[in-house]
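First, one chain by itself in structure tokens, the form predicted on its own.
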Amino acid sequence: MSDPRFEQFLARAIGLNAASIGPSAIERAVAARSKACKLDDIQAYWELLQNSEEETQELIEAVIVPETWFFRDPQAFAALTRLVTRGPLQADASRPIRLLSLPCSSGEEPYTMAMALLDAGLTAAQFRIDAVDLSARSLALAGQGIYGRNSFRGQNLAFRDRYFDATDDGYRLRDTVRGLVQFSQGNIVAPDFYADPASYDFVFCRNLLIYFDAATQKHVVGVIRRLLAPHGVAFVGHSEAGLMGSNGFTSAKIPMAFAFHKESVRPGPAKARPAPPPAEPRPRRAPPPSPTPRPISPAFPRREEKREPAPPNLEELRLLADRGQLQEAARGCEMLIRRDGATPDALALLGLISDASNDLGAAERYYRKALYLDPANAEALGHLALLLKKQGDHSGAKLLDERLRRLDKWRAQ
């Protein structure tokens, strides 16, 4: 049976909610550290923990088991590159874009951010990436930049050929990418964590909130809000989207990216309108004669009409997809198409849902149908280009990218 003192200790130290990983995981970590310290008595280990910052860090390392890989949830990185190349946050030569990865674990996420921005055509001078993690061990691995097979998942590994060199120990990230990320150690629940507003354009804080209790979640969301610039965007995990919405953030409406803005500025109270002038009195007319009463026919019970559920709204379906409720979002799109007919936006959303479900054939068909109806649909163009790159069709993807650039130039005029 686990000792609740250790659960409470970790909750105070790093905000960990024991239920998120299971008390048995903490119990195993405590047993392993007690053995490593050559202590057979749990009480003796508890006393050591109270007086040793080093052992506190060792216990945290034993509890935290990071699970990460390069280009995990690629829609977020696709959204990032789209925003910095064609959106309102696009790169400006006068000020580099600031990005934060928190927690960065062993470096896969911030290095992915760097590779995605380089692939999008940005230079090293146009962005700065900071990466923070609680684990000194993970940060050491990130600094080495050597990764095994587990860090490379999925079918599209072309980035590995562009940015890594094969070694006896795995794959070593080239210095051209390693030098673009600045790593540091920090605890997001600590009172002095990044005490001054940092004004980041993008904050990646994915799959961290799920490990906290409600009070700590609210605190951490407040930290993210403080770190973001007024125009900034936060990326979270799919199971954390609801937490952002309930804590004052609004969806950026980028399907499957789980991206959020700070709360939008609410309009002030409406000004009172002057009362209209009183209407002139009109002469009264004589009342019409009363109709001749008719015999009342016997009433028959009316049959109740079955009402169909209200058809879904496309924005609601996007939010469902953002929350990871892919099947519900797909069914809603189909209902919408049955009611209104196929529209480019509904087809593009179905493409994104299929893409996220790894049904790449269906995703390509939906994107192409959307473009048949609307050749200038930027969402379908961008995601179909990414899909073709994923499938190795670089010439097809290049043509779509050129179409997107021409479309952006035309819209900017």
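Since the structure is predicted, the reported quantities are computational estimates derived from the model, not experimental observations. Heads up: residue numbers just count along the shown sequence, starting at 1.
There is another form of the same protein, the form predicted in complex with a small molecule; it is not shown, and what comes next is about it.
Among T343, N247, T85, N207, the residue placing a heavy atom within 4.5 Å of the small molecule in the predicted complex is N207. The partner is absent here; in the predicted complex, the one residue of P103, P255, G232, G332 having a heavy atom within 4.5 Å of the small molecule is P103. A residue is said to contact a partner when one of its heavy atoms sits within 4.5 Å of a partner heavy atom; L134 meets this definition for the small molecule in the predicted complex. Not displayed here, the small molecule is approached by R72 to within 4.5 Å at the level of heavy atoms in the predicted complex. Among heavy atoms of G186, some come within 4.5 Å of the small molecule in the predicted complex. Mapping the unseen interface onto this chain, F159 falls outside it, with no heavy atom inside 4.5 Å of the small molecule in the predicted complex.
Residues of just one listed stretch (187 to 195, 119 to 127, 224 to 232, 163 to 171) have heavy atoms within 4.5 Å of the small molecule in the predicted complex: 187 to 195.
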